[in-house]
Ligand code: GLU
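Only one chain comes next, encoded as C-alpha cells, the form predicted alone.
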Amino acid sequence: MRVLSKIAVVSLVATSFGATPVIGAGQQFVTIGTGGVTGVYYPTGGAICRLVNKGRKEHGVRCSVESTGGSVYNINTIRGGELDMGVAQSDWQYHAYNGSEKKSFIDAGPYKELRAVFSVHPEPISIVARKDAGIKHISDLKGKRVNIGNAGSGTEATWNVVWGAMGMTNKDLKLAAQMKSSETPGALCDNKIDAFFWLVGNPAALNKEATTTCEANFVAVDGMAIDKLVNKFPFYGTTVIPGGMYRGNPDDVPTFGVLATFVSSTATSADTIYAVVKSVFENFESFKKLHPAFGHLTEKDMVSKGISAPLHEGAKRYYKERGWL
C-alpha cells in the first residue's frame, strides 16, 4: 500500500485515509500530485478527479488531489510509490525517463517505469517585471532581482536550463529569490524583486494579480540562444503571451514553453488508468469548461503532443478503442 506524503492533502471525496486503501469491494483510491493552489496544476488535478469521481460507481476508482511542489516533486514521489499519478512539465517527463539534465534524475538513473497518460495545456514561460525596472528581454535580467521558482520545482529546473542557455549563472543576478509562486506578485509590487519567472497556462491568476496591482510588463524570451534550445529539444515550442490578455500589455510577447502532462507509472494498474482516461475523454466538453486554460484543447493534441515517455498500457487501450492509435 502507498503511504501518503506528509503535505497538505485536499480531498475531493468524503473519506479519511492514511494509505492507499481499497474502498469497498472492488474500489480503488488514487491520489494525484499537482502544484501550488494558485497555479493551473492544482485545478487540473481537481478537474480530472471531479470527472473520475462522477463515474466512480461505474468503474470503482475514487480520486483526490494533493497540492505539491510541482513537476519534479510529483515525478520523484510517483517513483517513490507515494503518489499514483501527477501533473508534470513535458521536459521533466522526458528527463526523468531518460535520467538526464537534473541532478536528482541523473543520480537516480533513467526512470523507465514512468508512463505518459496524456498532455494538457500549453505552459509558456512567463517573465513578469516591474515596468520601472526596464526589463524588456530576458537578457535584461542580468544584475536584477529575480524569483526563479521554489527549490526543487520544475520552474526552478527550467530556469536553470534557460538561463544557462543564455550563457549565464545565478551569480549574474543581483538576487536569485526562491519564494512560493503565490508570494511573487506581492513581492514584485512591493519592490522586493524586479521580476518573477514561471511556466503557467494562461490566463493565470498570479499574472493578472501582478499586472492589476502594479505596473508590470511581460518580458520577451526569444533570440538565437532560445532558438537553439527550442530546436534541440522536441518538448519545447515557441508561442506568445497574447496581447490584451493582461492589463497594460497590449501587444503579443514572444516566448516559448512546454506542455503540462499527466503521468503515472507501471505500478498503477492499466484498469485504473483506463478508467481515468475514459472519464476525461468521455466528458471532454465538460473537462474543457473546468478551467480557461483548457478551452482550446483538442483530443488529438492531448494524445500526441508532449508525450516524451511511453504511453501507459491503460491509456493505450482506450486510445486504440477510439481509433487514435
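Numbers follow the displayed sequence, beginning with 1. Remember, predicted model here, so these are calculated numbers, not experimental data.
A second form of this protein, the form predicted in complex with this ligand, is not displayed here; the remarks below concern that form.
Shown alone here, Glu123 lies within 4.5 Å of this ligand in the predicted bound form, counting heavy atoms only. By the criterion of a heavy atom within 4.5 Å, Phe218 is excluded from the residues contacting this ligand in the predicted bound form. Interface residue remark: Val200 is counted as part of the site for this ligand in the predicted bound form, having a heavy atom within 4.5 Å. Within this chain, Phe262 is remote from the site of this ligand in the predicted bound form, having no heavy atom within 4.5 Å.
Stretch-level contact check against this ligand in the predicted bound form with heavy atoms at 4.5 Å: of 51-59, 272-280, 296-304, 31-39, the positive one is 31-39. Looking at 143-180, the residues that come within 4.5 Å of this ligand in the predicted bound form, counting any heavy atom, are Ser153, Gly154, Thr155.
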